[in-house]
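Take a look at this single chain, the form predicted on its own, given in structure tokens.
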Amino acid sequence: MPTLNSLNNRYQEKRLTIMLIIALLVLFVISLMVGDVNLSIINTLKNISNDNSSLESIILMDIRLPRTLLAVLIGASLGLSGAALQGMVRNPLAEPGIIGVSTSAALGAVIVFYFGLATAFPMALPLGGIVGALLAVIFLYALTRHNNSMLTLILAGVAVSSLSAALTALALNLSPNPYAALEIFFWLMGSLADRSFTHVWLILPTTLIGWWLMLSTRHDLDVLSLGDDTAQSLGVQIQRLNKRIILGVALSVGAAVSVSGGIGFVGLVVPHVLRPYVGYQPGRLLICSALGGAVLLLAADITVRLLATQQELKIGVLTALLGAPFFLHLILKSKREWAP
């Protein structure tokens, strides 16, 4: 029989989910309207339904709609991946960007750029990002398997990020074409500008598979929070659970980074903010974090378009400016837990 506390947690989760969906829908419409050209959504949709090829319909369908969809897909992937990683290692500092997964995915994509494989084979770009993310997650899991302390996780993440950043810098340094090197440099900052439906269809299959793998671990993650021994006694196959999360994170984050570049801290901030509203249960946090990540990245993308700058601010720069102080706050707040 469910307790009063569990019923209250379920009610809070449903209310939070509804609020996040409403916020996402509102931001989705705003994103379609915001830009250098003011659009009337109703009139533009009428033109599209009447097969009237106007400037407004072209802007909506070819520029703003794919950019908005990518913000939702990538934001959801980052938020969901952060929550899944935190549940797997039982550490609130686990996040694709901080522990080096995003950097490694970017390295995989940069290698594809460097050797010109993306031109010959479009799927090479997301595959490169997925392989890079997969190697990073496997390496981190091996290092923290028997020691999931915050200090171990941070040091391992710093090592992975530093190595990936060094190899990325090496590729930029040895690039025979300075214009290609400059293009890679700006791509690494993270942006959703100038993206099309080609990019949406490119990452959609791997993204959805990654989501399914992570969401399928909801119940097991709740049980795992009670400890390895308890989880195993209740029938949770921990190795299988970890493999599903590792592969899911690699698929979704690798695909996201392959089209957007580096966008950090979404997977850290969103689960941390939403965790109290789901009763601190990692399984229930997954869907809410996916919605919250989509809301956060969509809001950030709208913000960079509204800022009066000579050149559009990269969305990865904005999320880093917001997320880095938040990360520092978490470390200062938790230092007593991993201090010797």
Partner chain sequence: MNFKQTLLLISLSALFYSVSTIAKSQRVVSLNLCADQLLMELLKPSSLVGITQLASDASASFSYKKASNFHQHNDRIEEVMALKPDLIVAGAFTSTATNQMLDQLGYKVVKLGLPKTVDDIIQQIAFLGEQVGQLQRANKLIKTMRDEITALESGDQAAPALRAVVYYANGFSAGKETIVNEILQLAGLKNIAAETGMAYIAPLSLESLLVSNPDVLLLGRLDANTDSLAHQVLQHDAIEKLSALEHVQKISVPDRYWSCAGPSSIAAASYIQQSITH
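Quantities reported herein were computed from a predicted structural model and do not represent experimental measurements. Positions refer to the first chain, counted from 1. Throughout, rigid core stands for the largest set of C-alpha atoms superposing within 1.5 Å between the two forms.
What comes next is about the form predicted in complex with the partner chain, which is not displayed.
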Note to self: Although the partner isn't part of this model, could you tell me whether L45 comes within 4.5 Å of the partner chain in the predicted complex, counting any heavy atom of the residue?
What the structure shows: no
Next item on the list: Spell out, yes or no, whether the shortest heavy atom distance between I59 and the partner chain in the predicted complex is within 4.5 Å.
Entry: yes
Checklist line | Touches the partner chain in the predicted complex: Y141 (any heavy atom, 4.5 Å) | finding: no
Note to self: Is S196 near the partner chain? Define near as a heavy atom within 4.5 Å, in the predicted complex.
What the structure shows: yes
Checklist line | Partner-facing stretch of 109 to 117, 153 to 161, 247 to 255, 132 to 140, counted where any non-hydrogen atom is within 4.5 angstroms of the partner chain in the predicted complex | finding: 109 to 117
Next item on the list: Scan V273, I41, V26, V37 and let me know which has any heavy atom within 4.5 Å of the partner chain in the predicted complex.
Entry: V37
Margin query: Please determine whether the C-alpha atom of L172 is displaced by 2 Å or more between the shown form and the other one following superposition on the rigid core.
Written below: yes
